[in-house]
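Before any questions on how it binds or moves, here is one chain, the form predicted on its own, in structure tokens.
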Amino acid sequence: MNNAIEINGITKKYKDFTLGEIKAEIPCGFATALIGANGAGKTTLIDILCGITAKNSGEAVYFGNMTDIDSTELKNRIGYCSSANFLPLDWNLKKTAAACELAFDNFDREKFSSICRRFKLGSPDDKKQKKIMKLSDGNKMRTYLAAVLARDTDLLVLDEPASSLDPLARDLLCDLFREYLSERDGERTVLFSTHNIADMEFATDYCIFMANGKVIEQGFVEDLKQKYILVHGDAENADKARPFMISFTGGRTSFEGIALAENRDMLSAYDTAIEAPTLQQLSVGILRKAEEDEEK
């Protein structure tokens, strides 16, 4: 299987935070979610991969053989979008379309108009338009996404694209991810960061979990759901089951948590109910374990 990006030992040191060494793969042809709590290092890693922030060490290899993120060829193949004032705030849809046409040969104005309409933003040809500064946070993000999705790229890298979107817009974003990937089956890739995967599970094929500047788990969603199990049980068996679980939440009558599937038989002996976790449940369990380990 080819990788859109291979991350080999990337580090970045700040006064109060260190990223890495990061070793990870972004598989080509799939949507990869970079999952972690706020402050885990997701934005720092994305900014390094897109040439916004300089790394201290390590290397990222794009599309098998490209390493110079500052090259025009590579930048044209990557569509980057940040949730923080990605476009000038005094622009509107018309100015956004005009600027993108000048900046990128692969920008499709008709596609931009179509995505704007699907996001309920109106049209860049409308006479009356609001400036970006006058838009809600959700509509700002819709505008940014429309601009980057209208380009003919090989890789989308999106920092928290769903954070300010309402549930319907998140559902549409999932659809747009799938459409983007299917247009050139197996040749395009999406990488996006999130601290809450619940509404984006449908759009996620591969996951990279981050905590405290490090990668703590990664893999295809279906493989991870076979590696881990969700466990429920009565409180009277909680103390017996807890040593075999990686995350644990208990109350007066019951307990729940994530465990490795290899401990299924042992946990079944304590009258537990075992099922496959959702990606949201798996994310909470893995990240909670990392947080507990950091506090020890």
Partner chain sequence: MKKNNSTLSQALSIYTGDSIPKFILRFTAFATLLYAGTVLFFFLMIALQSGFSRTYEDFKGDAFIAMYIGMDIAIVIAVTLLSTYEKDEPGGKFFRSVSEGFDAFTKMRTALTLAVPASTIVSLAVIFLINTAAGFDKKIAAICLSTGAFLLLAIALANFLNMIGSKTARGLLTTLMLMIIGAGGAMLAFEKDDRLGIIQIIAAVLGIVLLPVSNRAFLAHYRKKRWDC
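Nothing here was measured: the structure is a model prediction, and the numbers come from that model. Positions refer to the first chain, counted from 1.
Not on display, but discussed next: the form predicted in complex with its partner chain.
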**Report entry** 4.5 Å heavy atom contact, Phe119 and its partner chain in the predicted bound form
**Finding:** no
Query raised in the report: Heavy atom to heavy atom, is Cys174 within 4.5 Å of its partner chain in the predicted bound form?
Result: no
Query raised in the report: Might Tyr80 be said to contact its partner chain in the predicted bound form, defining contact as any heavy atom within 4.5 Å?
Result: yes
Query raised in the report: If you check in the predicted bound form, is Phe86 within 4.5 Å of its partner chain, heavy atoms only?
Result: yes
Report task. Sort through Cys100, Leu165, Val221, Leu93 and report the residue having a heavy atom within 4.5 Å of its partner chain in the predicted bound form. Result -> Cys100
Query raised in the report: Only one of Asp105, Glu110, Asp125, Asp185 has a non-hydrogen atom within 4.5 angstroms of its partner chain in the predicted bound form; which is it?
Result: Asp105
Query raised in the report: Where, among 263 to 271, 247 to 255, 231 to 239, 43 to 51, do residues come within 4.5 Å of its partner chain in the predicted bound form by heavy atom distance?
Result: 43 to 51
